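Take a look at this one chain, the form predicted on its own, written out in structure tokens.
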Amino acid sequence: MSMANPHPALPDPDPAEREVSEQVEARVREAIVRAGGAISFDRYMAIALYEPGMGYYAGGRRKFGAAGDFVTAPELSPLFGACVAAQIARWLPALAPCIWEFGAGSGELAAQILSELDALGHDTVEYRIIELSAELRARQQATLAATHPHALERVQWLAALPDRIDGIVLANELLDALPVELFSMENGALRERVVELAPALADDVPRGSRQHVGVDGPPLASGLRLGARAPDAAFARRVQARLARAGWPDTPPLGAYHSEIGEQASAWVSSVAERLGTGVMLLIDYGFPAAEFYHPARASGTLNCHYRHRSHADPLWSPGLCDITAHVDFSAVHDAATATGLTCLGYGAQSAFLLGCGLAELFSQRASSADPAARIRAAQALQLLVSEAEMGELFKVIAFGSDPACEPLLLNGRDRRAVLIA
């Protein structure tokens, strides 16, 4: 159904986008009806992001870069990939010469890493990209063909998780896009937040302009809303385990508290870790250790959405058109990986990682010959990557190895892994 945009700060979707969103919403509605009136938020998020042919990551809309909805670190500067390659180069002598990238996005990071490794003398490294989206796979192929064509013969695309992985697993901004469950607590009472159909404001409002009200605030552009239900025993145990891990007080804080549990992110880490033979897992994403993630003062949670380079907090607006993300609980990631026998090789801020991998030196070497305007643009991009007010502190880097003797993560003397086991 066609509806007015209740969020004037967001651009209006074009007719083709509206049609896609209506198809996604119809699929959500079908799921809600089959479930008897409500679905868990992770089920909704899975449909909105990954429904074949129409979900945000499964459809044909451009997502990355200036023409998309957000920019990732590789799109900001090729030195990001150069730094990742510098870390990988330290691991390669002891491992199978193969990189396995999950969630390769536009393919920029793969191109940067392969180019840098070639320059470092590792020009026989194989590259595997695990990608379910045909649209993203085509874009990755086009990126590599345009920027590093002679490496294409060493790149393969896989549509399923292999039974065994030897080498280096890489995932940049993957875990934040895996579906999460939502919960709320008010004066100690736990509720699961779910997606349900929303009643019309009034029956006499014309169907084409009807808006609906969500329990958490402004009218929504769909016929959906966030509701709440009593949790079942399994859901309650999952929440209680996360809060206990975070050291929550025995007396819960007063007032409303909302947050997320990323069970699918932990399950992904466990599944890949179990398949890792001789190798290393390198994960880069935004998030916190459990004590920060579930701090009582973070009462609004971390869920966020992106549409055409605008951030908003309404995950039900135009389903299928927006990226929906939640920050990563790195304590849970650590627990999932180490439970399979892997050893944590380091954890720290992205700024510490990039500087530890030689970012300053790389910039000095490669920007010295650029014209002043280009040098300024390059410096501004790097400032976004390392500034504590931007990506430098919010984004974290963590690595795990099958062998405790693996080279540690380069963190410029600022390893924080102790906070993950506190």
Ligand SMILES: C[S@@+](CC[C@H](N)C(=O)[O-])C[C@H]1O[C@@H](n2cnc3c(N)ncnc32)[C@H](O)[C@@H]1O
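One-based numbering along the sequence shown. Predicted model, so just to flag it, every value in this text is computed and none were measured.
Only in words, not in the display: the form predicted in complex with the ligand, which the text now covers.
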item	value
Close approach of residue 363 to the ligand in the predicted bound form, 4.5 Å, heavy atom	no
is_contact(residue 132, the ligand) in the predicted bound form, heavy atom dist at most 4.5 Å	yes
4.5 Å heavy atom contact, residue 102 and the ligand in the predicted bound form	yes
Contact of residue 116 with the ligand in the predicted bound form (heavy atom, 4.5 Å)	no
Stretch from 118-126, 274-282, 102-110, 243-251 whose residues place a heavy atom within 4.5 Å of the ligand in the predicted bound form	102-110
The unique member of 352, 178, 336, 322 whose heavy atoms fall within 4.5 Å of the ligand in the predicted bound form	178
Contacting member of 307, 268, 183, 317, with respect to the ligand in the predicted bound form [4.5 Å, heavy atom]	268
Residues of 23-57 having any heavy atom within 4.5 Å of the ligand in the predicted bound form, listed in sequence order	50, 57
